[in-house]
Each structure stands twice: as structure tokens, then as C-alpha cells.
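So this first bit is one chain, no partners, the form predicted alone, shown in C-alpha cells.
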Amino acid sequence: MSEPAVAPGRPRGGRRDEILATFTRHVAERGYDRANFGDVAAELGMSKGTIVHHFGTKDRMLAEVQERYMRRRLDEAHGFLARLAAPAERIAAFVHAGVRYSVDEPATTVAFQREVVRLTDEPGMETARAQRDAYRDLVVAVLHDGEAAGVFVPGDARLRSLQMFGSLHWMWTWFDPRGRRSAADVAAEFCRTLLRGLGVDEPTLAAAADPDGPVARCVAEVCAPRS
């Protein structure tokens, strides 16, 4: 799993990142409510006071997990949108990217997906909530563009975006990156289903969904794990 980027203004490296990574894994494995400073401290051989010194509260630690995650996703989305022009390719890129996160950053992605509901109205989640809304707005804009260009059949872009995110954010309940279904195959099937629903012609959707095609390659380059 790639190491998350350090938030601006935060100290780099050291025990802080180690604490956050361990907490993230605990949230992914057991959920936020069952994750606690005591277990993180015991695993890392430190006092709970050290964790409090770095993060203050458990809520603040989860907020940082969500903010780091969404900051990377926004950066990557802007990256592949800059390289892909066609609406069908752009929507497919969001799907290819959304599925590959389960492989590239499994713990962080599961932690985000299983606790995404906390972005709705939890205090302290304002930044992560704004980032999530900005990401959603990028998808909605592409859906509007595709409809205006006559590529997508008319429909409610906001509802369509929620349908797309719903399928991706539920993956943590069933998708095993080590299982018989590869992330590339899952992304391709999701793309085909979504693009057919949008009215995209078969040759276009086949190229956009292709795990070895130009869209998937673009996403792989933009979203390559950071060392």
C-alpha cells in the first residue's frame, strides 16, 4: 500500500505517520467505533498520550484520514480529466480509478468507504465534506457535458453520480483484491454497465471499459502508487 501524502503544515514522517497508518488499518478492519487509541498505542509500543499529543482526538484523526484520502483523489481526478476529453472516457476513468484504489490503498480505501457516512454532518468533517462534494461535482459536470453533446441520454446527473458512487463505495463489503475477480475486470464490468445505461454506443464503451485500453492506461499512470 502506498504511503499517504503528508498534509500541508504537518511534520513529515516519524511516528505521526506510523500512528495514522495503524489507526487507518484498525478502522478498515473493525470500524471507527471499535478503533481506539489504546489498541493503536499497544501495537506501536507507545503511550496513549503520544497519540493525543499528535492528533488530539479520535475524531480529528479520522478527519485527517478522510482529508488525505480525498485530497489525493481530487489531484488524480484533475490529472486524468486533463488528459481525457471525451465524456465517456472521463466517466470510465472515474470508475477505473475508483476500483483500483481498493488494490493500491486497501486499508485507507476501506476505512474511507465504511465511514463515508460520517461526512454527511459530523462536526470536524467540513474540509473532507467539501472535498467529497468537489469530487462529486466533477462527475456531475462530465455527465452534464455528455448529455449536452448528445453522447449520454437525458437524465438526472446528480442521481447518476450517486448511483456510480454507491456501487464503488459498497465494494468494501464484497471485493477482495486477492480473490478471483481482478480489479481490472470489476472496473471493466462496472464501466460497461454504467455506460450502457447512459446510452453510449458499444464500440465507444468497449474501448473505454477495456482493462488494457487507453483510459485504463491513463488512470494507471495518473494514479500510480507513490513511493
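The structure displayed is predicted, hence computed values, not measured ones. All residue numbers are counted from 1 along the displayed sequence.
Form predicted together with another copy of the chain: not shown, discussed below.
- The closest heavy atom approach of D176 to another copy of the chain in the predicted complex falls outside 4.5 Å.
- In the predicted complex, no heavy atom of M70 sits within 4.5 Å of another copy of the chain.
- Among residues of the shown chain, R160 is one whose heavy atoms approach another copy of the chain to within 4.5 Å in the predicted complex.
- Shown alone here, H26 lies farther than 4.5 Å from another copy of the chain in the predicted complex, counting heavy atoms only.
- Taking the partner from elsewhere, no residue among D75, Y135 and A220 has a non-hydrogen atom within 4.5 angstroms of another copy of the chain in the predicted complex.
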